[in-house]
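Following this are structure 1 and structure 2, which are two forms of one protein chain, each written alone as structure tokens.
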Structure 1
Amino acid sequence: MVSPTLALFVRSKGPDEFWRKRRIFKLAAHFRGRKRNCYSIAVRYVHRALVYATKGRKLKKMDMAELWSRRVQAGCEQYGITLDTFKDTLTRNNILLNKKSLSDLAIWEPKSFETLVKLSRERAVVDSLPGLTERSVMNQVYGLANLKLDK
């Protein structure tokens, strides 16, 4: 019978090493070449991918917030009011909508967004706030119902 010595016992890393390597290989399964098969290389590339994934999540949030702001700003410019005045008058009217919901209204529900703009324009006139301009004919959105085709 072979009795394991202390040196052999220390060398054996046991099941922990198997599961640690398995976790890395699982994360590297979609890589190509030695990045997928060789543990020492896979560790580096998996770590790098996880760092980029973390940065990407933050960048995605920033990109979406910027997109929502741009959409709301475009909707406000269409109806002749600045974004700051629009937000200020909405809070004065006790209408508490976030950027995402305002953006969705501006894109998918233009009539609802127009009523919000009308409410905020009326409040801005009453409170004599700056940032109101005349609504330009060039900035209007035309749908099929608005077009008059000559026959």
Structure 2
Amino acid sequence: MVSPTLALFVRSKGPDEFWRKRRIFKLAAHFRGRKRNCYSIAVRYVHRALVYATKGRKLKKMDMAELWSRRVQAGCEQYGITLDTFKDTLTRNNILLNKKSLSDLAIWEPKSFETLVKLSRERAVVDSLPGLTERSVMNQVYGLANLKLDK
């Protein structure tokens, strides 16, 4: 004779339990160890992952802006002008390129970027702004000035 008490210890939360848990396991498929396979452990880590994803969307925009700023700064420091002075002189000249465009120019259109830097150096001299130094020999991308493309 089988005891019915043992069967009563197994408690199911309902007919949809499998699919409810599957929603969590799908998001945890790439986790490590029991976090991947055991529901009560996986739930906690999936919730943390979703919160990180939500917060990360704002951080991504901030990170990209910082990256663009650093790239523009690297580009203009080559020519001996600081980022603040560069941006200030561009706005004084009514040139409203944003950080993303300036960084694209600095990478892919070096000659155009150099013309912008020259404009800003002139304006900085005229308006006597700080942040101008000598163009440094050590601070160059080696060989860019001598780059000869195929003719």
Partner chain sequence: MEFLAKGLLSVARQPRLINNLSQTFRALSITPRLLQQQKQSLVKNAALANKNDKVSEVEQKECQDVFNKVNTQLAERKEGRLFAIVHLCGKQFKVTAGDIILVEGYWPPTIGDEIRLEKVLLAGAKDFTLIGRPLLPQGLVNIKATIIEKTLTHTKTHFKKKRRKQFMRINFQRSPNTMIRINTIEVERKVDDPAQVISEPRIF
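We call the rigid core whatever largest set of C-alpha positions still superposes within 1.5 Å between the two forms. Computed from a predicted model, the values in this text were never measured in an experiment. Residue indices: 1-based, along structure 1.
Both panels show the same chain in isolation, but it is structure 2 that comes from the form predicted together with its partner chain. Superposing C-alpha atoms between the two structures shows the smaller rigid body rotated by 23° with respect to the larger one. Core-based alignment between the two structures gives a C-alpha movement of 3.2 Å at residue 50.
With the core fitted, the CA of residue 19 sits 10.8 Å away from its counterpart between the two structures.
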